[in-house]
Structure formats: structure tokens, C-alpha cells
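In C-alpha cells, the next block holds one chain alone, the form predicted alone.
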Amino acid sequence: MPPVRVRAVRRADLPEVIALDATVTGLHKADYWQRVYRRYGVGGQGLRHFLVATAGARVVGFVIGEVRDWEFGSPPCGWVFAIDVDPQARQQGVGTLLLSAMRQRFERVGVRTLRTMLASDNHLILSFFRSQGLRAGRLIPLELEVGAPS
């Protein structure tokens, strides 16, 4: 694999991002990704970031995050809400590069805590995040099915 570089997403990357997500999730969500690009990718400004990892001209991964503050009484912290690596490029440090690039952007604006959430049965991403030093935090996620009988 050619050397991997991390940079801000470009509109031309969207088809590859959409295809990568579909490969991993089994869902083709083009409209969703257009909305995400408009919110996080246009200019990658300040507190919102949509980054891609490229190997040569090919997108091999992406990460999306933002700085949020005072939610649940928390001072500014960085949230990573999406990260994925092409299955053929895994175990080559791509995810580490992506998370490191996001972490650097958070640190530049004074953020000292990085958070994320994941499905409890997603052992692959849980193992990755643990390998990067993430541990259970002080917040506990709770959920309720809306519209379901109580």
C-alpha cells in the first residue's frame, strides 16, 4: 500500500466514502453522507472536522468529529462520531493516523478530553479504541425507544 496521508475531505471523495461505509455497514446512505459533508466537510472549519486517509489516490478511511461544550455539564470536549477503515487497509495504522489527526485538531483548540460512543457488541471498534487509550468515561448512555409501548 502506498504511504497514507490524512487530510480534510473533498467533495470528490464522497463516492469513495459512501462506498467504504456501505462495504462496512451493508447500507448505502448517499443522502446521509451528503448532509454530513455539508455540515462537517465544507472547509473543515474550526470545531468540526471530516478527515480522510488516502493511500495514493484512494480513500482508505475517514473520521468525523467535533468539539462540543457544556453538554451534560462537561467543559469543551472532542467527540468522534464516525471512524472507519477499508477492511483491506486495516492493521496498517490507518485508524491510528486518523484518530491522531483528529486528536491534534482538538488539542489545538484547548480540548483535553476525547469521547465517542459505540455499540456494546462492536468488538472490533471497541478493541481499536482501547488500543488507542480510550476507556469507559464518567457518562452513562441511556436510551428509550420512542413510540414504543412503555
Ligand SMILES: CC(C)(COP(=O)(O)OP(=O)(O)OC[C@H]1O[C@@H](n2cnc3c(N)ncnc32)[C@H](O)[C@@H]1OP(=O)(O)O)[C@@H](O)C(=O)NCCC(=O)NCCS
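The shown structure was predicted, so the numbers you read here are calculated from the model rather than taken from an experiment. Position 1 is the first residue in the sequence shown; the rest follow in order.
The same protein has a further form, the form predicted together with this ligand, not shown here; the description that follows concerns it.
At a distance of at most 4.5 angstroms from this ligand in the predicted bound form, none of the three residues R11, E16 and Q34 contributes a non-hydrogen atom. In the predicted bound form, T113 stays away from this ligand, with no heavy atom inside 4.5 Å. When this ligand is considered in the predicted bound form, L27 lies well away from it, no heavy atom lying within 4.5 Å. Using a 4.5 Å cutoff between non-hydrogen atoms, V59 does not count as a contact of this ligand in the predicted bound form. Among residues of the shown chain, N122 is one whose heavy atoms approach this ligand to within 4.5 Å in the predicted bound form. Stretch-level contact analysis of 104-112, 90-98, 49-57, 65-73 against this ligand in the predicted bound form, using heavy atoms and a 4.5 Å limit, identifies 90-98. Contacts between stretch 112-143 and this ligand, counted in the predicted bound form as any heavy atom lying within 4.5 Å, involve N122, L124, I125, S127, F128, S131, Q132, listed in sequence order.
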